[in-house]
Each structure stands twice: as structure tokens, then as C-alpha cells.
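Shown below, as C-alpha cells, is a lone chain in the form predicted on its own; questions about how it binds or moves come after it.
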Amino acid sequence: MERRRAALDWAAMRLLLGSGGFGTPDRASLLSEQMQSFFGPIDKLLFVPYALKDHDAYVEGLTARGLHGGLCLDGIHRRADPVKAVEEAEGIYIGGGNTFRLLDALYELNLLDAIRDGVRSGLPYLGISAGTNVACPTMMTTNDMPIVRPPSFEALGLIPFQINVHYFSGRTYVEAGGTFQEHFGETRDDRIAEFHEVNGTPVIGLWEGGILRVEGGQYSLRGAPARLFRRGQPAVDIQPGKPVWPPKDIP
């Protein structure tokens, strides 16, 4: 199914963006339910495993752990022509891992335009962790180490804000000798504040087990809370079931 190049239309795009942390039965069940209702009659997803090194093991592991929503995952790395695979896909799933490695591969294989145009034309998109990061305008709010250097930090730009996945608030404590001691490292809020010292794009901190569902221009939160950060304004906590965008609808 070949798609023509599409203009940017926020309302036409359908995305399911997860933070990660779907290892518990309840969270895995939530992800499966969301995938099934989101993808509907689609039974095969083009899976993009480039955020991890072992692509075959990645596909097999997701299925074995029940994180495939009951759908068949067709690894794009097994296709001779990855761009054509995106053009022919009915749904796409980009998994987590290292965001630098993922974005570097998307540039190397010339997949950014193909995925972006497909989603703008109605291709439903599921991203988890790094797959959520690359749906943002840039990958600049990732938590990952720069193990490789992509040509640019610019990503797919499928949403008009940044997401910090695996977000949590407060300070970190480590267990030592049966007690917990404060780590004294930067908090996520500190790092997002640094981002806003030089960037104006809003950031959504998405807790583990959280899913942002985007359909018809509506951005709704499922599974776990989130926190909206805007430069020069107090952060706002958002509960599941509430919209996270646009800011005019949030106190």
C-alpha cells in the first residue's frame, strides 16, 4: 500500500506512546488492551527493533513476554527494502532501548521521511520508551547515553511537545547495608529545567506504565500520571483519563 507524501495534520495522526515499565501483569494487560483497541482489525505490525543490538531476540522476547498485544510482529530488519516495508505497513511499532542508536539507524536507512509521511497519512504508530522519544520533535529529552552519534537530534516530530519517558519525581535513594541513603544526583525535574534554560518546547514527564493516546487531535492519558513542564511556569500534574494537550485546557 503506497502512500503519497502527506502534509502535516495533527488531527489525522494516530499514536500510542508508552513510557515503558510494562513488566507487571496489570501493566502488560493495559498495554495489550490499548494495542487491541487502537489497532482494531490490524493483526500484523511492522516492528522496528533498532534501539537494541540483537534484533531477532528483541522480536522473540516481546512475544514471549506478552508485550505484543496478541499481534504478529514483523521485524523490519528482515526486509530487503525497509522504506518499502514502511510504505506497505498497516501499523508500525517502534520499541525501546537506546534512543541514540535508534535514531542513528533511522537516519542511516532513510526511514524518517517514510515513517513521518506514513503516520501523517493515517498509519497508526506505537512507540515504547525510545520509540516514544523519536516521535517527539527531537530526542533531546532522552535519558540514554550517547553510545553512537546520529547526524542530528531532530526526530519524527509527530507531536508538538517533548516527552521524558520513565519519568519519576523526587530524589533518588540507594540501598546500602539494609538502609537507604540519598544519592544526591540530579532529579528529572532538574534536568528538564536545564532543557528549558535553552529550549522553549513543553515537556511531558510520563511515569512508568503510562500511555499517551493520540487520536483526532485529542491527547489522553492512560495507566499512570504525567507531569507537564512549561518554561517559566509551575509544573502541572495530570491524572489518567485527563487530556495532556493543548496547554489551554490544562490549569
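The first residue of the shown sequence is 1; numbering continues from there. This structure is a prediction, so every number in the text was calculated from the model and none was measured.
Beyond the structure shown, there is the form predicted in complex with another copy of the chain, which is absent from this document and is the topic of what follows.
- The closest heavy atom approach of Ser121 to another copy of the chain in the predicted bound form falls outside 4.5 Å.
- Shown alone here, Tyr125 lies farther than 4.5 Å from another copy of the chain in the predicted bound form, counting heavy atoms only.
- When another copy of the chain is considered in the predicted bound form, Arg101 lines it closely, a heavy atom lying within 4.5 Å.
- Another copy of the chain is not drawn, but in the predicted bound form it has a heavy atom within 4.5 Å of Thr172.
- Contact with another copy of the chain in the predicted bound form holds for all three of His183, Phe195 and Asn199, each having a heavy atom within 4.5 Å.
- Of the listed positions (His55, His68, Arg191, Arg213), a single one reaches within 4.5 angstroms of another copy of the chain by any non-hydrogen atom in the predicted bound form, namely Arg191.
- Partner contacts here mean any heavy atom within 4.5 Å of another copy of the chain in the predicted bound form, and among 138 to 146, 70 to 78, 83 to 91, 110 to 118 they occur only in 138 to 146.
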